[in-house]
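Next up is one chain by itself, shown in structure tokens, the form predicted on its own.
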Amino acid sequence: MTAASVHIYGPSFSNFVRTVMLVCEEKELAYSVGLEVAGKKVAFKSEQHLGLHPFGKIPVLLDKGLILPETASICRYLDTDKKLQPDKCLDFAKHDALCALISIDIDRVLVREYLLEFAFPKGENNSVRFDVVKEVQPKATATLAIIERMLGEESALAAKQFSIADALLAPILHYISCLPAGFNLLTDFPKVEKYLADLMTRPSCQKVLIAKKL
């Protein structure tokens, strides 16, 4: 990695923070990550955090005075030589649209509505509300079916070159693969399973996507 270092403000378990970490690994950029700024703790949603991101979201990239919010924008900024994005204008636009679909629609269902119940249970005594999980499962399954279809089409996913879209999707799918039997919905989607398995052969994914049961 290069001597220059960027800081990713946010917890390393966040799928979006992990996306930026993957891009840094692929670009061989030295980076630090955590809820600190200039060595001092900055509490989530605090006034200082809101100074970094007006809506108190993560991640935020800090680089030599630059304060840059929003995951996809951060990734495009870090990809200065455009190696993680298509060259041709039309392909670039399609990749950009795919990144938006993943970071907005796919993330909302698979992370915000499905995975977060396992990561931060809201049931009695911090237990998982399995009734809520089962209610969301059909929508999560339908979303994975969309990804399965995308993998069968010509898209930036599963291309020869690792892309920002891959960096956005990989942490989400990896977290689902860590769920217990009956909730790891990837087992019903062979193309998605193979896609994740192929990604996990990359050193960046092996380093960032730490196997952790939710």
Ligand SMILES: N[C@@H](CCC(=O)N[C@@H](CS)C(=O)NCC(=O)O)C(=O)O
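None of these values were measured; they are calculated from a predicted model. When you see a residue number, it is the position in the sequence shown, counting from 1.
One more form of this protein exists, namely the form predicted in complex with this ligand; it is left out here, but the text below deals with it.
- The closest non-hydrogen atom of D188 lies beyond 4.5 Å of this ligand in the model of the complex.
- Among residues of the shown chain, E70 is one whose heavy atoms approach this ligand to within 4.5 Å in the model of the complex.
- This ligand is not drawn, but in the model of the complex it has a heavy atom within 4.5 Å of I58.
- Interface residue remark: K122 is not counted as part of the site for this ligand in the model of the complex, having no heavy atom within 4.5 Å.
- No member of the trio K94, F162 and Y195 reaches this ligand in the model of the complex with any non-hydrogen atom inside 4.5 Å.
- Residue in contact with this ligand in the model of the complex (any heavy atom within 4.5 Å), chosen from K82, K134, K88, R112: R112.
- Picking from 180-188, 148-156, 25-33, 43-51 the stretch near this ligand in the model of the complex, with a 4.5 Å limit on heavy atoms, gives 43-51.
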